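There is one chain below, alone, in structure tokens, taken in the form predicted alone.
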């Protein structure tokens, strides 16, 4: 299996919250358009900065018409389930394609099953990976994935049952063991024993990446946090006195968080045009620059080149290359009764 060496860029942010109603996007009868954007945990700060740039661009090109974008954030799997169960989203941006596919599969014609082909880069405007955050001086000597399961190291990570980022964490550890072996084992046996040992060291599984950041930085629990790279940089910026450092492993998993407009809802709200324009704006130079500043890797080659020196080069392996795609990975590792359920025993963490 081939892996790719890729440079890194990430970021995090929130919203234009100019409306307090609980329904989905629509016109308010006075020409103002509202959109409900349902997203995963670490994007609060990212969209807080991007959303006003889209509102300005839309007003400029549409005679001053206002757009109000309301945000909902949470663990990616839970957010997908909320949309399926009736949360009236006009657009979603979630941690992994499987969660958007679930909306198309289970949402009673909410979303075109071919949603990923409607926008560039399989509808993923930025990409990312998983890195480590450690205490100052790195007292446990954590440099790579195998160091996470040595000594008395205590690991903080969210639950793969609710968090998309957590699934990348799990698959990153499993994929590393597949490629390098673990404890004298090779292949899937190595992967299984690696993740078993890893999750025995997790004292609490938060529902999303932001909760795990709080557990680690604010509550002072654990020796190492496994998280999105943008979340790691945000954590250091917001907690300058917490004594934290970022460790970049030798390789990690390529994370491509996708975005889509929700067909049935935008048709009902008459917001398809603005919803599509909003998502296409994410590929604009302006939005790509914001993403790069916030440590998301941009798709725009010129923007990536301008920020290349700020981000390390890593070898990234993909879910498709190592696990055969998200459907297979889910069935093997995350479905009810699958491998994660078999290896994770609550109450045995923190060894």
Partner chain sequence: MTTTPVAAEAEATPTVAPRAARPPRSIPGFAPSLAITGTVLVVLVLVPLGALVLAVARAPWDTIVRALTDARTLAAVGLSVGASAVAALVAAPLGVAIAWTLARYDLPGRRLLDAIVDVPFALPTAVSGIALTALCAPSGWIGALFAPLGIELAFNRVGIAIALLFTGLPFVVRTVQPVIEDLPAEIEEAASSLGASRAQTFLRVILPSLMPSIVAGTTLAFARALGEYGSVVFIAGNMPMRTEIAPLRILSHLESYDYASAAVVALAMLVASAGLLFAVNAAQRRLVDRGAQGA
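Numbering follows the first chain given and starts at 1. Only the largest set of C-alpha atoms that superpose within 1.5 Å between the two forms is called the rigid core. If you're wondering where the values come from, they're calculated on a predicted model, not measured in any experiment.
Only in words, not in the display: the form predicted together with its partner chain, which the text now covers.
Although the partner is absent here, residue 207 is a contact residue: one of its heavy atoms lies within 4.5 angstroms of its partner chain in the predicted complex. Although the partner is absent here, residue 131 sits far enough away that none of its heavy atoms falls within 4.5 Å of its partner chain in the predicted complex.
At least one heavy atom of residue 77 is located within 4.5 Å of its partner chain in the predicted complex. In the predicted complex, its partner chain lies farther than 4.5 Å from every heavy atom of residue 73. The partner is absent here; in the predicted complex, the one residue of 136, 143, 218, 150 having a heavy atom within 4.5 Å of its partner chain is 218. Comment: its partner chain is not present in this chain, but in the predicted complex one of 122, 264, 105, 270 has a heavy atom within 4.5 Å of it, namely 105. Here the chain stands by itself, but in the predicted complex one stretch of 253-261, 226-234, 196-204, 112-120, 196-204, has heavy atoms within 4.5 Å of its partner chain.
The candidate site formed by 188, 313 and 326 is entirely out of contact with its partner chain in the predicted complex, as no residue has a non-hydrogen atom within 4.5 angstroms of it. Contacts with its partner chain in the predicted complex, taken as any heavy atom within 4.5 Å, map within 67-100 to 77, 78, 80, 81, 84, 85, 98, 99. Core-superposed comparison between the shown form and the other one: CA of residue 77 displaced by 2 Å or more.
With the core held fixed, residue 242 shows a CA shift below 2 Å between the shown form and the other one.
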